[in-house]
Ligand SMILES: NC(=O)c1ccc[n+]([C@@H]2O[C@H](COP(=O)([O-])OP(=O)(O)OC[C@H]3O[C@@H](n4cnc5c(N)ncnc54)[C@H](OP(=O)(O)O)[C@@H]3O)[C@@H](O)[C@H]2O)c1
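Below you will find one chain, with nothing else, as structure tokens; this is the form predicted on its own, and questions on how it binds or moves follow later.
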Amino acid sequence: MTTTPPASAVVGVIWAQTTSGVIGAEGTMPWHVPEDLAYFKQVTHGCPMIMGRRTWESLPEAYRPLPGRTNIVVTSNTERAVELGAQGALTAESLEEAVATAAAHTQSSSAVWIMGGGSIYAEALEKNLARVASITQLDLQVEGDTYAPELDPEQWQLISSAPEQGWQQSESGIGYRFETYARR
């Protein structure tokens, strides 16, 4: 099934992943790369953010809701939705509803970002909701239980990589690079 987001909204997915595609372990990111956190803040600030309930719960309480952004949490649990609303999040029962809600909260120059988790990313790609993918590649091997969906090269094209070749070195010692893909 293909769903088209409202014309005014540019919907993107954003995540950090290891070379083997790990994006999480036991509800956390099993690494610390300050440069990725700064990049995430820079790219998403002022934009509506869509996330699943578990991703919301994985955020440190001090950062819920993410400052400077409309936070939309996908949950079908109506009791939990009331609690999330009291914590500062908007809620939606489906990813499509979340995208429509986010589009209503965008400025003309802003995007809508989907920030996880794994099943939300997969659904966004499967339903053709995302037009852009911003991925921080980490030169790291760790065990994990949540993996990024693969971007089909027939549907996605790498449009930028920084650095173009090789890795930047994080202050934490982990190699990283920022990649941006666009849907063909």
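A quick note: this is a predicted structure, and the numbers were derived from the prediction, not measured. Just count from 1 along the sequence shown to find any residue number.
Missing here is the form predicted together with the named molecule; even so, the following discussion is about that form.
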{"item": "Contact check for T75, S94 and G116 against the named molecule in the model of the complex, heavy atom at 4.5 Å", "value": "yes"}
{"item": "Of P34, G27, P153, P67, the one that lies within 4.5 Å of the named molecule in the model of the complex (heavy atoms)", "value": "G27"}
{"item": "T146: touches the named molecule in the model of the complex, heavy atom cutoff 4.5 angstroms", "value": "yes"}
{"item": "Contact of I120 with the named molecule in the model of the complex (heavy atom, 4.5 Å)", "value": "yes"}
{"item": "The named molecule contact at V11 in the model of the complex, heavy atom, 4.5 Å", "value": "no"}
{"item": "Contact label in the model of the complex: T44 to the named molecule, heavy atom within 4.5 Å", "value": "no"}
{"item": "Those residues of 38 to 72 which, in the model of the complex, come within 4.5 Å of the named molecule by heavy atom", "value": "G52, R53, R54, T55, S58"}
